[in-house]
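The chain that follows stands alone, in the form predicted on its own, written as structure tokens.
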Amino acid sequence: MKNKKKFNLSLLNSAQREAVDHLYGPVLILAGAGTGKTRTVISRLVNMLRQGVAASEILAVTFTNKAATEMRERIQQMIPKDKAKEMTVCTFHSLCVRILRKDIERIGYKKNFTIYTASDQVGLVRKLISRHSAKDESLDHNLAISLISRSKNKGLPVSTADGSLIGDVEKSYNKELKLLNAVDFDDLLILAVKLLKDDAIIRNSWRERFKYITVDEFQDTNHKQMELIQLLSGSDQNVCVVGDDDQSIYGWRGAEIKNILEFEQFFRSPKTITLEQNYRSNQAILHTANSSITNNLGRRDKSLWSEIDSKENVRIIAMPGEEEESQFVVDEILEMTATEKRSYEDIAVLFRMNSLSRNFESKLREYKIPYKVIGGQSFFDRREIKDLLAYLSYIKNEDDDINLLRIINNPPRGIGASTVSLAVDKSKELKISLSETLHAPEFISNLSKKGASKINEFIDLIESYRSPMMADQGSFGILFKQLVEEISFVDYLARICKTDSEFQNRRNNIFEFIDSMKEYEARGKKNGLERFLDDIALQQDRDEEDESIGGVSLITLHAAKGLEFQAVYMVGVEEGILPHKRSLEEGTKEEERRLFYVGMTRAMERLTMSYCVNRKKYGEVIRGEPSSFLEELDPTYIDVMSSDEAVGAPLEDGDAQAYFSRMKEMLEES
């Protein structure tokens, strides 16, 4: 058994110690990039226990499952396991599920509601677009989902125009979700806030439960999340929020930077503690990054510094075009891994737009360099897994029409499209769920004897598994394995897969999924199937990557937050790309500068930024301009060079003060 790590305040710097010691009342910890934020938060939570706070009264909230798991594991390394289990460490959405599972009936839902994931939303919205659109009308389903989400969070309809397609789709979407006894991720937050706001008894019971609240990555919170935290905080307002306004880069997703900039307006007389000593990057990188972010107005004052010596300056390199840019980066990767003994995992290529990764992927493949693009397809988004999840969701919630439609003839069982269409029409006519329609005499009487028999066989199949799988101590994993075998799902895959390799992969995914059910079941929790499906739905609410895959990381700047690499290449640092053209039109350039700052502060030892003088766009070569952000940088620790100079020996003059004129010269010469 591993020894527990000792709680040792002497390992913390003075600002971190102050944050750890200040336990009562509202606290804002401004934690700059790489300043030991997680260590400080964990130490503060452990110190609460040492000072006599009950573990069950502590709530720690973060944004991703990965962050919550890491926090939980690090806490368990420092305190007894039974104490760690009593502490609630979870995501915002997971917290809302707990609140709603307990009392959602108070606002008109059944407790066995289904959580609709992104893929479930796509299925429903596509159906509604098809239902409401005229022959000459079209609407992108992803745009519709985005607009509906924004509408929910702002509390305003997408469109006030009568008869608009998006307006009709939005109304039907919200209505159908309620009929299906389903909620999406936006609803989890909105409904939890509504429940706490409307019912003082429920609100006070949760306040009694969680007397000490910690919120990580506070700069990413939106209006509803702030409202939730305010509703949960009692009169003592023992709320600690941790974040960095300089890393607020999700405004397009609803994050409200004012939550951290105007924290004093939400909680009375908070204590503000600033962490500025950086343990990640050298001073050259930090000085350069600081000189950029200070151009943002209204930010909270902080200046990162480091005791790590700078062995080399930050480089800014002008490239003739994207072919030369990708070739240069790959050549340096080969050199670094050969002569400096760096691993591929130490290196990252960061870019503002996904489209910029294509050249680098091609070049890395050409040289057989392993790589990963952050943000691949989730295991739960694979077709065969979505099919199995649909069975489970319908077994749990018979009002779930969308998942019923997915499984009713999958694998084929003789229930044709015309029968399904008739059932859908009849359910609308009778204003009942599709599941109820399958039992309705008005529907059955319209079917042939064979058709009615097939429907009854399907109903009997599902019903034979529903009760035992939903039982508190039911062996839902073993039972579901029997169901998968009974419907010959693996044989069905063998028939539809185009290659044996595809079939083997899909079959293995099924076995892995069923094994995960059995493992979950072995933990012996009540409401096993329901909680299993909740956990899976919440796992899909993330921007995370499988870290078991090795190689150079190709990653967007948005996805890079929270990560660090010894060597970072920021590519395509051009006006119109970074800052993005859209930000210049919409007046969100400051968020783009924060994105630029986040990219720079991912680098530990070496930071290289490049821009292309010429770049292909839509088949045409266009002239590129270096980003205006580059012109704002203090040149003290910067080397500016052409691609030829970067490949050759370092510049003899080393005159960083000539930085801006050099950039202009390179543009004119190209």
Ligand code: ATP
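Numbering starts at 1 and follows the sequence shown. Between two forms, the rigid core is defined as the largest C-alpha subset superposing within 1.5 Å. This one's a predicted model, so the numbers in the text were calculated from it and none came from an experiment.
Another form exists, predicted in complex with the named molecule; not displayed. Remarks below refer to it.
Using 4.5 Å between non-hydrogen atoms, is Lys37 touching the named molecule in the model of the complex? Lys37 belongs to the contact set for the named molecule.
For Arg602, is any heavy atom within 4.5 Å of the named molecule in the model of the complex, or not? Residue-level check for Arg602: yes, a contact with the named molecule.
is_contact(Pro626, the named molecule) in the model of the complex, heavy atom dist at most 4.5 Å: No, Pro626 is distant from the partner.
Is Pro26 one of the residues lying within 4.5 Å of the named molecule in the model of the complex, judged by heavy atom distances? Output for Pro26 is no: heavy atoms all beyond 4.5 Å of the named molecule.
Looking at 88-96, 315-323, 561-569, 202-210, which lies within 4.5 angstroms of the named molecule in the model of the complex, counting heavy atoms? Of the stretches listed, the one contacting the partner is 561-569.
Quick one: Gln16, Glu217 and Tyr279 and the named molecule in the model of the complex, is every residue within 4.5 Å by at least one heavy atom? Per the other structure, all of Gln16, Glu217 and Tyr279 touch the named molecule.
Within 4.5 Å, heavy atoms only, which of Thr288, Asn259, Ser357, Gln247 is in contact with the named molecule in the model of the complex? Spelling it out, the residue with a heavy atom inside the cut-off is Gln247.
Have a look at Leu30, Ala33, Ala68, Val613 for me and say which one sits with a heavy atom within 4.5 Å of the named molecule in the model of the complex. For this set of options, the contacting one is Ala33.
For Tyr116, is the C-alpha shift between this form and the one not shown 2 Å or more after core superposition? Shift of 2 Å or more: no.
Once everything's superposed on the core, is Gln76 shifted 2 Å or more at the Cα between this form and the one not shown? For Gln76, whose C-alpha is compared between this form and the one not shown after core superposition, the shift is less than 2 Å.
Taking the rigid core as reference, does Gly562 move its C-alpha 2 Å or further between this form and the one not shown? Yes, Gly562 moves 2 Å or more.
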